[in-house]
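For reference, the chain that follows is the form predicted alone, supplied as structure tokens.
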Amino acid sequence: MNKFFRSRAMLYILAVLLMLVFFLPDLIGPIPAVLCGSVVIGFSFYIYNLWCREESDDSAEPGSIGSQEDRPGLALKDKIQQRRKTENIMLLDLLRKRRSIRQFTDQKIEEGKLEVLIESVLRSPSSRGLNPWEFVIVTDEDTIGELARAKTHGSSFLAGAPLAIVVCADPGKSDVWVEDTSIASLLLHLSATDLGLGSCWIQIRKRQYDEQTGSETYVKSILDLDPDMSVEAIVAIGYSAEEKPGRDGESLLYDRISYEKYGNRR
């Protein structure tokens, strides 16, 4: 239909209608003539806008007269919009939203989302490709409740989470297993945020269950881990029951950034 409205035939029809407007008062009376004339004039403006839009679209083609290259103001605006569009699909957008969540709803995590989380950690980079990490997926409510008592403080909120992923490693496979498991844990947090889930890190390594027993020893007894295994952390995951906005950009510690040499600030 728009193609017909933009044709030359439409222009001829429009010219005839405009000419008829002058004779309408004698044919149908003044009041009906005003109404019909208003309709014809409004329709004329509609056709005019269609033609103007077509010319605007043609001029936007690369290399044509009036293209973006000839309009630096518009070109700059387009670059800014493109940059913002790129930022919205970058990892930075996830980092701006991510917060540590310690309160969860009772909603279970769908199997599909769990598979995404598992694939995310298995794609985690590892020094020399040694992949010393192991992950224990825990959804049993009783087991999660036992893991929530792994530390003297700072782990009890795990009891309210529908999912706990215990990040372990075999230190015999790599001397940088701590770094590898930390990277994997971070990917869990970011993937959870991307899936609309909340998460929080629970440090286990170098923490205490009680005065005599370390947190690692306690967790290994709950999960039947091999004695030679080590436990880095537990990541609590679930649907958030608390609203936390992303941190304000003004709170970022830009004074910790040096350029070329330590202490050189901008």
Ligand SMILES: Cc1cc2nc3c(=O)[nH]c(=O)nc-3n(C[C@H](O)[C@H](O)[C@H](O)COP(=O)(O)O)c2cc1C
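Counting begins at 1, following the sequence as shown. Every value quoted in this text rests on a predicted model; they were computed, and no experiment measured them.
Absent from the display: the form predicted together with this ligand. The rest refers to it.
Task: this ligand contact in the predicted complex: Val219, any heavy atom under 4.5 Å - done: Looking in the predicted complex, residue contacts with this ligand do not include Val219, since no heavy atom lies within 4.5 Å.
Open item on the list: Would you classify Gln203 as touching this ligand in the predicted complex, given a 4.5 Å non-hydrogen atom cut-off?
Closed with: Yes - in the predicted complex, heavy atoms of Gln203 and this ligand come within 4.5 Å of each other.
- [ ] State yes or no: in the predicted complex, is some non-hydrogen atom of Ser100 no more than 4.5 angstroms from a non-hydrogen atom of this ligand?
- [x] Yes.
TODO: Verify the contact flag for Gly145: yes if a non-hydrogen atom of it lies within 4.5 Å of a non-hydrogen atom of this ligand in the predicted complex, no if not.
DONE: No, Gly145 stays farther than 4.5 Å from this ligand in the predicted complex.
Task: Stretch from 112 to 120, 150 to 158, 173 to 181, 133 to 141 whose residues place a heavy atom within 4.5 Å of this ligand in the predicted complex - done: Single hit among the candidates: 150 to 158.
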